[in-house]
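Next comes just one chain, in structure tokens: the form predicted on its own.
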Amino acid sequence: MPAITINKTLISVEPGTTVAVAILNAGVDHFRTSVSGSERGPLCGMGICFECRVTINGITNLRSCTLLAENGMEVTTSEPPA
């Protein structure tokens, strides 16, 4: 079972889980902040809307709904760490 870190919290996820679902299952619904300052989160679930962008392993603006969670991933959203 993969274990990933979301905002400095280690969680285990079922194999085949997307990063977006892992984030939501961790209780985080604020994925990024728009230029106007509003909180944003996944909308389409298939990578078209770009609202689910997060930082994974230091790479910014990755669409979390299109990526499967892999063991050791470090995911950061705009939400402050718990």
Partner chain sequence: MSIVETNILIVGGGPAGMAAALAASSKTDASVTLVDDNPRLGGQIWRAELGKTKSEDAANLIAAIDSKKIDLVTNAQVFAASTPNTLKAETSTGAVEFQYEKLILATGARERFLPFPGWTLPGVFGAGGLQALVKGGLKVENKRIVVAGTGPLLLVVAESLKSKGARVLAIAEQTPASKLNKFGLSLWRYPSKVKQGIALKARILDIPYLTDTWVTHCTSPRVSKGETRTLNDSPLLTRRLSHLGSVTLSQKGKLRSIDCDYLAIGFHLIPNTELASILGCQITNSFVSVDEFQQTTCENVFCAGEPTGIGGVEASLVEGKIAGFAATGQFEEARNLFRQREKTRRFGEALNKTFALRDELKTLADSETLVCRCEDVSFGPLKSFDSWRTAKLQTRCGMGPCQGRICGAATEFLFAWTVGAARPPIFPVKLENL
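Bear in mind that the values here come from a model prediction, so they are computed numbers and not experimental data. Residue numbers count along the first chain shown, from 1.
What comes next is about the form predicted in complex with the partner chain, which does not appear here.
> Just checking whether residue 57 would be counted as a contact of the partner chain in the predicted complex - the rule being heavy atoms within 4.5 angstroms.
Outside the cut-off, so no.
> Contact with the partner chain in the predicted complex for residue 73, defined as at least one heavy atom pair within 4.5 Å: yes or no?
Output for residue 73 is no: heavy atoms all beyond 4.5 Å of the partner chain.
> Even though the chain is shown alone, can you say which residues of 5-30 have a heavy atom within 4.5 Å of the partner chain in the predicted complex?
6, 7, 9, 11, 16, 17, 18, 20, 21, 24, 25, 26, 27, 28, 29, 30, in sequence order.
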